[in-house]
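The form predicted on its own is given below as one chain in structure tokens.
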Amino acid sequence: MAEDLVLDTAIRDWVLIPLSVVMVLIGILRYFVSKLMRSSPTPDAKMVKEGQVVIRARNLKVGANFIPPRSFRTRRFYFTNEENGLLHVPKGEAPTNPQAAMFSDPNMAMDMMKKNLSMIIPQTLTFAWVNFFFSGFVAAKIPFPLTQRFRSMLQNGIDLSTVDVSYVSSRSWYFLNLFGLRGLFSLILGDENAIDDTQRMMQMGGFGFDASKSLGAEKDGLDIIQHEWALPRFEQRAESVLRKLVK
């Protein structure tokens, strides 16, 4: 049977609260250090143009039924004609590898290395500090029962099978703060912190965007779409609704 423990208030004052405060401060400091070390990448004009073309083609597919048939055919020909269409990819043009293009840029590779160092070094030092000073403490208790599957996650560093699963060790509390403070950082630092550096590189530099595949897929989608003008049906629906109201 699991044993109930009485946690000393000194553990709360000298282990739980300092550990939580230090994790929050380190996260904020790491954010500002990585922001200072990060350079603003220059987006590729060709890649940005191709991305905008893909977005325009998708908007045309979404709103195709809300424009007249002649206007839709004109726009589709503008995007998909084989001579100079915006979505047409010449057969002799070799597809670009976005990963290879990213790693060939020394500035982007340096930014990734700086980001990794700004994450690895503070985490390594913080874990060594927690493991040296706070190892073996039962720091908190979760106010609801849990199954035995949570024991390895919540009681890391404590080899006592008789202790209830709801008790949290200091080392596990460190990991919970490490992976669970993203929402708090978003409140403190703003919405900018919610976008990590990988997503920012994708937005600015086009990382992960394969132009030939995206353009070809949008071209095929516009070629097979069946246009049905929705405006006449709207007039019929409005007339039927008015007739029902009159009756």
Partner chain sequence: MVTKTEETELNQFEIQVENGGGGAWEYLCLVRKLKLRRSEKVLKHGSSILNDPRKRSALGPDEWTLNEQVAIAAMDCQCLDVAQKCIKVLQKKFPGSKRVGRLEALLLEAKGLWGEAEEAYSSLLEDNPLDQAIHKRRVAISKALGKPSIAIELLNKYLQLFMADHDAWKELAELYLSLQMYKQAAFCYEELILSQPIVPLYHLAYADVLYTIGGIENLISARKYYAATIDLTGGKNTRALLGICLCASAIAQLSKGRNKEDKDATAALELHSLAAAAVEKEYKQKVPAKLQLVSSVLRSLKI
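Numbering follows the first chain given and starts at 1. Everything numeric here is computed off the predicted structure, so don't read it as measured data.
The following text describes the form predicted in complex with the partner chain, which does not appear among the structures shown.
Would the partner chain in the predicted bound form be within 4.5 angstroms of a non-hydrogen atom of every residue among R12, L16 and F185?
No.
If we define contact as a non-hydrogen atom of the residue within 4.5 angstroms of the partner, is V53 a contact of the partner chain in the predicted bound form?
Yes, contact at 4.5 Å.
Is L181 near the partner chain? Define near as a heavy atom within 4.5 Å, in the predicted bound form.
Result no; L181 lies far from the partner chain in the predicted bound form.
Looking at the partner-bound form in the predicted bound form, is L29 within 4.5 Å of the partner chain by any heavy atom?
Flag for L29 set to no.
With the partner left out here, check for me: in the predicted bound form, does some heavy atom of V246 sit within 4.5 Å of the partner chain?
Judged by the heavy-atom cut-off of 4.5 Å, V246 is in contact with the partner chain in the predicted bound form.
Suppose contact means any heavy atom within 4.5 Å; which members of 47-68 contact the partner chain in the predicted bound form?
Stretch hits, in order: V48, K49, Q52, V53, I55, R56, N59, L60, G63, A64, F66, I67, P68.
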